[in-house]
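A single chain, nothing else alongside it, follows as structure tokens in the form predicted alone.
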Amino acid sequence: MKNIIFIAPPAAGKGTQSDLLVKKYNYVHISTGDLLRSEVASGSDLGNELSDIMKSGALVSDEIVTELLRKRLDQDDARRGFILDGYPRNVNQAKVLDELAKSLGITLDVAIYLDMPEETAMHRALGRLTCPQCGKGYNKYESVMKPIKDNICDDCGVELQGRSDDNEETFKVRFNTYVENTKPLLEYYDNKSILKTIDNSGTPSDTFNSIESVI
């Protein structure tokens, strides 16, 4: 299977598509956010340092993120195929990732760009709901993503939660940051001939079918 880098604006559905790939193809989903939270939960010296950094609102350095990513990519299960979600976020990180992959003897096969207009992404962001127990995602505005019972997880039967940062003002800030910092990655990976752009304006199933044709 091809190792995947996902590039997409906020609320474009990277998590949903990653879950589908994990379930059908047994991919390893690697989220930098999850790596940070896991290290904090471990209670290690680095985890305690990260906890202090994150509580202060400061950004975690690229060096720390890179080291956590190195450790995760070097685990045996990553060799069966992985998805990178949330990294790289800019061209400098992409260059660091190239060197990291080279040192570990792994390949970066395809960068998948989930293309979505700002208005559509914001609509989805404002409707996002997540199960606090199993982590399954829903959307109160998208018919194919609605829970069977309003605001209740289909699998766990517990009340779903929205994200505190899913509001119009915050979303626009996040989207503009994405445009400024992340979109140049498209040119970077296009020049490396591994960029694949997928129209993400349809249903999650439509998007997944397109991803399958790429991998």
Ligand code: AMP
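In case it trips you up, residue 1 is the first one in the sequence shown, and so on. Since the structure is predicted, the reported quantities are computational estimates derived from the model, not experimental observations. For clarity, a rigid core is taken as the largest C-alpha set superposing within 1.5 Å between two forms.
If you look for the form predicted in complex with ligand AMP, you will not find it shown, but the lines that follow are about it.
For the options 172, 163, 149, 70, the residue carrying a heavy atom within 4.5 angstroms of ligand AMP in the predicted complex is 163. Taking 60, 158, 41, 179 one by one, only a single residue has any non-hydrogen atom within 4.5 Å of ligand AMP in the predicted complex, and it is 60. In the predicted complex, at least one heavy atom of residue 93 sits within 4.5 Å of a heavy atom of ligand AMP. Not displayed here, ligand AMP is approached by residue 65 to within 4.5 Å at the level of heavy atoms in the predicted complex. Although the partner is absent here, residue 54 is a contact residue: one of its heavy atoms lies within 4.5 angstroms of ligand AMP in the predicted complex.
Although the partner is absent here, residue 183 lies well away from ligand AMP in the predicted complex, with no heavy atom inside 4.5 Å. In short, of 94-102, 111-119, 130-138, 80-88 it is 80-88 that has heavy atoms within 4.5 Å of ligand AMP in the predicted complex. Shown without its partner, the chain has 32, 33, 36, 37 in segment 20-37 as residues with a non-hydrogen atom within 4.5 angstroms of ligand AMP in the predicted complex.
Put the two forms on the same core and the Cα of residue 184 is off by less than 2 Å between the shown form and the other one. Core-aligned CA deviation for residue 58 between the shown form and the other one: 2 Å or greater.
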